[in-house]
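In the structure tokens that follow, the same protein chain appears in two forms, which are kept apart as structure 1 and structure 2.
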Structure 1
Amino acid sequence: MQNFSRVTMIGMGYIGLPTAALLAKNKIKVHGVDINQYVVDTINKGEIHIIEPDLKEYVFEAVKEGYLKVSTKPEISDVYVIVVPTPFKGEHEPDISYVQAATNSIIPLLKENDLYIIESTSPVGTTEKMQALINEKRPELKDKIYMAYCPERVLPGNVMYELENNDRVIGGINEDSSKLAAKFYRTFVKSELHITNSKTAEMCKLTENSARDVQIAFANELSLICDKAGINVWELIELANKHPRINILQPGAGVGGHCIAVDPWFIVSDYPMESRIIGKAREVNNYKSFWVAEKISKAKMDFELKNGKKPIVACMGIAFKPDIDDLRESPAKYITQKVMQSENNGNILVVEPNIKEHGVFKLTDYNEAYEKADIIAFLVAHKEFKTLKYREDKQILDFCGVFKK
């Protein structure tokens, strides 16, 4: 098969929609699939349901020119790309049921020489499991379709650029599948394509995010030590990084997002005895969020004892990282919920400049919250917060380096 004129993209989220829009820009007709009717209707109007620079323009043009349409059901195509969530079930056990459901939905549509690709973060061996599923239900297609795993590796807030310009790892179930998948990605990727097998590609994705998690855990552990020792962790890291071979990351309120906070557990779940550092890093980063919530609670108690009244607390940021609207696995959201559990909500001001409203939290403008609150807890280093002037009359708890004091 040499034809990539029709692509079905299952999952119109933070990766699926940008990828679909980029394919459409390259004059490839994309049929997007999402189970959320609101998402379907929004995209078909040429609008977007997520915040991502440049994405709105891409989607508007793609829909207007007829290269992108979305529905709740897949259509016959030449290429099928699976970009759905892989959550947990039980105690940090990966759940590939969404990938399986997406695969089941296209099995009746598959034909000889089609290309099937998984981009969803997956446990090692998932692509081979989907191959077995397809072979079981469509035995006449055994060895007659191409299958590969190709993980995304993009940074929220810069997705449109990185989809085109980051190297990609492509792992086919056989050599021919790898080559055809590489040819498909070459239609929109400008950087290097690295060929391997599906299991190595699956592990590569998990390894990249586990490595980041371990590095962040070191920084977060340093922040705990420095707090106890009375040392400014920001100054310490800056000085340590003057060494030519040291590059310590910045600590924060924990680790969030659907990748770094989740993917290491995929390795730990399958290889518990071998992944001791990876597992411990996850524990450190999860504990940091609990520790931050406890620090805020203690500050509230101390304020009340000293002043004879309950303080107004501003939780600054609930996204999982700066300057995005994504709340998935957000430590800041978890911390805010913990702080609110034992407090009248009227004394807690929740701030998130990247979203207009939230189903649980009543949001407050960041300037208003900064002015009203007695205790300011910076949980996410949004660019808006960095425009604020340090206030000596406020109790500022800076967990993410807004002021680095």
Structure 2
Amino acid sequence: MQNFSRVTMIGMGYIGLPTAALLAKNKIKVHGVDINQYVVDTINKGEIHIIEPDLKEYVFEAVKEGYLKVSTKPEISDVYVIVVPTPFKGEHEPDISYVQAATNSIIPLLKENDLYIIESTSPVGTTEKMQALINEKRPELKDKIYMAYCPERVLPGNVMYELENNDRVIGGINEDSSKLAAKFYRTFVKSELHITNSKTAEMCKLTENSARDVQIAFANELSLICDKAGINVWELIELANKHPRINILQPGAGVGGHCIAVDPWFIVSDYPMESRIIGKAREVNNYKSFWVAEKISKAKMDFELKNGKKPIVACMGIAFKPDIDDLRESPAKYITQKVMQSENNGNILVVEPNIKEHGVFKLTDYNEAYEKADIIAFLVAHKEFKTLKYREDKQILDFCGVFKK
């Protein structure tokens, strides 16, 4: 039977590196691959290029103990795991060229009984496409390689815990592949492993993030309605959630990050006629950020008309969600940029307590900004902001429920 003594993990990013480090902790030798030489050098020094709690310690140990090393080229192994990005091309079409390139890079190394896994978020049918690619280039290995799609579902900020403790979906191209992939994940996953086929597993990942996007869109739509109707949306949701079967999420400045704001498009792109709600939810959530920026602009104009001077505006938070330093696809960052357009930057104070310095934004301490600004726009509900006292003398635009209690 297969052994997992040598694993090649392609893509040392937000998921690949933590997974490699966890495997290494379980005494499995991992050869990490990344096209970026800086990433390779950083990890080989036992350091990390991304921020994630506890990851630094895991990587340091893994490299020190000799269970993790990284280079720009794959090495012959028993298991190959593809964890590269799947960005957009064109409007919103998924681009699987990185998955394809990673697969091409290991095809010459494949041997009978190897296990090939894709973790990258992928459009439905990608694993079967990669199977066809391998069969075409290595026909002698047809039906002799185990292949599966096994998505991750960890939450940035809690990755090391969730990698071990979240249930996982394992979708093989056949039953034996699912079983072998499950055996592999059993080496480091403590929770349940659910077996299905590759297409269902691919769709499952997209479904999870689309479901959350649709639910947030509902909350964001409510916030627009409540704004017009003069109803406190936070109170409304809290009350509605007292119903035993209702659980509405929280409105905010929009939906960001590189998963929920992206993955639903993979469904819409392949099934445009059928996925009406999923596509609309994307539109609603994107519109919410635009609406927030417009609200701030209007507040600025009203202030100027009333007081005969330009206001100082504090944009509170630029991360894509509370209590992290990740700015990828951040609605708060987009809104801040929009507010700063055609404006004397001295009038806009940018606050992000999770970041010390930023190449573009001059950051201001949150207490100082709160004190100095005339208009305070809360864009992210960071824990620091919740310690501030509500000020009647300021114009507070609370888009994320900092003062909802």
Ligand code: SAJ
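Under this definition, the rigid core comprises the largest set of C-alpha atoms superposing within 1.5 Å between the forms. These numbers were taken from a predicted model, which means no experiment stands behind them. Residue numbering: sequential along structure 1, first residue numbered 1.
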| query | finding |
| --- | --- |
| Pair member which, unlike the other, is the form predicted in complex with the ligand | 2 |
| Rigid-body hinge position between the two structures, taken from 194, 157, 280, 29 | 280 |
| Rotational displacement of the minor rigid part between the two structures [degrees] | 8 |
| Per-residue Cα shift, residue 308, between the two structures [Å; core superposed] | 4.5 |
